[in-house]
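Presented below, as structure tokens, is a lone chain in the form predicted alone.
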């Protein structure tokens, strides 16, 4: 009986100790995430425009209903999904190919794995500025190369029209997201036992068959994680839009992240901007749940 009481007291003391050690992290999370989130929810339920001081008032869900019946919300939403789907497809396909390559043994593999981290280490705004210089219609490096190779007869403004602007935005965005996705997929590949491939080779399975019936099924869980995370990141894209196109040309790249910025910090309508941010958060959460349900179905736990 005494041993049971001693065990209970020990468990309680360990629980209290764990609570004490986790308290700073909980306070930081509350201060940096929960408090701003609560303020954003509060603002989204109010008419709060800094250009009209003193007129702040509670309006409930009016901001939300106004946006959901406005084409200024649905058009950026469509553009956001167009960008996100394109970016996720590029990231997942290239990352999977690179991960398959780096999973093989060949001279210099370690160097290539180290170089893979270089784009990932570049801050996103710096990456956007780099691509803005590369694609500059007057002195951009890409234009110079294409001109010297005879591909073009004069410098082109690839960010000045559709669909080229969307294509290059996807490329510029994907460049810094491919390394992380590749590392995650590579870690998944390295958990697949090698003897399974050896048995498949003995049974006469070709390269494509091994990939289709062994690699993909056993990589499905990690692939689901990569797709979910990359979709979340792509849906809330802003920085590369801000630097490269500012929503142009003619609102062709006006994603929801840019709409939130213009409403909040240009028009100073914090109520409208916060309501779009809440809608984008709800859409992102819904997409994450949807991908988790369909992509993770059938995966062995």
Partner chain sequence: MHQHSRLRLTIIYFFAAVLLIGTVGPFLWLVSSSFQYERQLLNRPPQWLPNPIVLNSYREIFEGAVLGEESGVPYQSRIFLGSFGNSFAIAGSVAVIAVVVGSLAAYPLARLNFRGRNVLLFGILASRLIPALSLAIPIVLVAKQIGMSDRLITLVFINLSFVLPYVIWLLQSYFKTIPMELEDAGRIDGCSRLQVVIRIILPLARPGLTSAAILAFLVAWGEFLFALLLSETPASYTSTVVVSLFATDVDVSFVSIITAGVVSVIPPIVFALIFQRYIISGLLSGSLKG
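These numbers were taken from a predicted model, which means no experiment stands behind them. Residue numbers count along the first chain shown, from 1.
We do not show the form predicted in complex with its partner chain, though everything after this point is about it.
Does its partner chain come within 4.5 Å of any heavy atom of residue 43 in the predicted complex?
-> Because a heavy atom of residue 43 falls inside 4.5 Å of its partner chain in the predicted complex, the answer is yes.
With the cut-off set at 4.5 Å between non-hydrogen atoms, does residue 98 touch its partner chain in the predicted complex?
-> Contact with its partner chain, yes.
Do residue 59 and its partner chain come within 4.5 Å of each other in the predicted complex, heavy atoms counted?
-> So residue 59 does not count as contacting its partner chain.
Contact between residue 106 and its partner chain in the predicted complex at 4.5 Å, heavy atoms?
-> Close contact exists here: in the predicted complex, residue 106 approaches its partner chain to within 4.5 Å, heavy atoms only.
Want to guess which of 163-171, 71-79, 85-93, 110-118 is within 4.5 Å of its partner chain in the predicted complex, heavy atoms only?
-> Checking each option against the 4.5 Å cut-off leaves 110-118.
Sole residue of 216, 200, 144, 152 within 4.5 Å of its partner chain in the predicted complex, by heavy atom = That would be 144.
Quick one: which residues from 163-198 get a non-hydrogen atom within 4.5 Å of its partner chain in the predicted complex?
-> Heavy-atom contacts within 4.5 Å come from 175, 180, 183, 184, 187.
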